[in-house]
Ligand code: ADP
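Starting off, we have a lone chain in the form predicted alone, written out as structure tokens.
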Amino acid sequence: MKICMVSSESVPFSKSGGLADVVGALSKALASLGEEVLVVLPHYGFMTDELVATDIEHTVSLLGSEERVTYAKLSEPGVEYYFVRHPFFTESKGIYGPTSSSSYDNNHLRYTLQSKASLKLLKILGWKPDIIHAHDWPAGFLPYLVKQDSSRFFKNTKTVFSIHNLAYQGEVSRLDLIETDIEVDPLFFVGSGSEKRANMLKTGLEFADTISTVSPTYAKEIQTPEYGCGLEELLQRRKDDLVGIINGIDIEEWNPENDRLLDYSFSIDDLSNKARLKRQIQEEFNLEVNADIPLFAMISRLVSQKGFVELLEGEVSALEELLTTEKIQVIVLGTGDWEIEKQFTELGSRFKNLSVNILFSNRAAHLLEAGSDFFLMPSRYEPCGLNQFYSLRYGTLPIARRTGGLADSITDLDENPQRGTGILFDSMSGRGILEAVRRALAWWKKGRSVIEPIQKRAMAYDSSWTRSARSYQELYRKTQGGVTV
């Protein structure tokens, strides 16, 4: 199959979140399975990769203007990358805004230009895709543009639209929509009266042949008012065209047997160096060096979505109670909301068994994933999640809320002692987190002879992108054949 990926970001060129990891890894995994993949990305001003300029040039229509677009290119085995060059992107300091917490006012124009340019590029190349896979709200207009194309170049092309996080929808005022120079369809809109706005993500959901998201459980959750972000009725209507495929990870980068960021390696056959890494963590992060004290890690953006409000709220928070009443150690690594950072820092100054590190360090992330005993992920929602995969890969048992990809990748030890790989809990509350950690401690107290087989079982979980890519191959084939998925 010929598969064209259109995304606002992809590793190793640009990244703001998990979307970039998915596009980069999935493209390569599909190529390794024999598919022909072409990826269209913006060429942002901050990118320093040595790309090859092409002589491809054309214009894209926006209201009252014809915008000149050129391209750079990079070829890798099985994957061709084309980068849309236009001042919208080349003169930008960030992906969606000048900072991670701000947005450009013209994002609707930037990504409409990318979508229109992608279709023109394919025509210029004479590259007729079997599937155009559009990712998240920036590519939301693309499935509609394919259906509106009158050239018949795409008559045999089907579209797949992927939701990576339903909370981000790319809403546009009706006045701003006019600027895109797109023929307007009533299905673009949400709200009514003065609140009526075009919604780029909704447009993708309405017009794509098939919809995918990043885990089976999230595919079900987003059909409910709690998780549907106002689009649950649309997703219920299209439930027969909606499929959840869980993400994978780079199993070469995250490999305990040859992780270049670790001083010691270990494997599913020999876990002895995991204990040495735990000792290293305790020494480096000023915790008591004691193999018998269970070590809990949290590596995350410090934001409310990740469950930190529930962990920290109350006169005596769940975290304080755990640090006071249980013989445990906790390490926090990450940055985020100032108020959450402040609360963690204050607690870190009071408790010797809590190490708070307001920073991001890739080396520290690898070390904590490898050397900790447990990994705590009390997320309110998690479309897929990545850290639970890293934890499983390194035999660090995850404790997570039963939501999204966490529910799909972790088997609860109490519910299934013979197959369990971690702890899942349902109650999004401090009490729920507290009880989950105590359930984990009950397993820890059973001793090394019980814990080590569980760690090895966790390490055997298949978190590779090859597994996920095969599921996408099946989805593409069903979409091409017009078979309901």
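Throughout, we count residues from 1 along the sequence that is shown. These figures come from a predicted structure and were not determined experimentally.
We do not show the form predicted together with the ligand, though everything after this point is about it.
Although the partner is absent here, residue 103 is not a contact residue: none of its heavy atoms lies within 4.5 angstroms of the ligand in the model of the complex. Remark: residue 402 does not count among the residues lining the ligand in the model of the complex, judged by a heavy atom distance of 4.5 Å or less. In the model of the complex, the ligand lies within 4.5 Å of some heavy atom of residue 361. Heavy atoms of residue 385 reach within 4.5 Å of the ligand in the model of the complex, making it an interface residue. With the partner removed from view, the residue among 306, 116, 202, 135 that has a non-hydrogen atom within 4.5 Å of the ligand in the model of the complex turns out to be 306. Checked against the ligand in the model of the complex, the residues 353, 335, 92, 265 give one hit for a heavy atom within 4.5 Å, which is 335.
Annotated contacts: 164, 211 and 227 are all free of the ligand in the model of the complex [non-hydrogen atom within 4.5 angstroms]. The stretch in contact with the ligand in the model of the complex, judged by heavy atoms within 4.5 Å, is 298-306, chosen from 319-327, 298-306, 72-80, 337-345. In the model of the complex, the ligand lies within 4.5 angstroms of at least one heavy atom of each of the following residues of 364-378: 365, 377, in sequence order.
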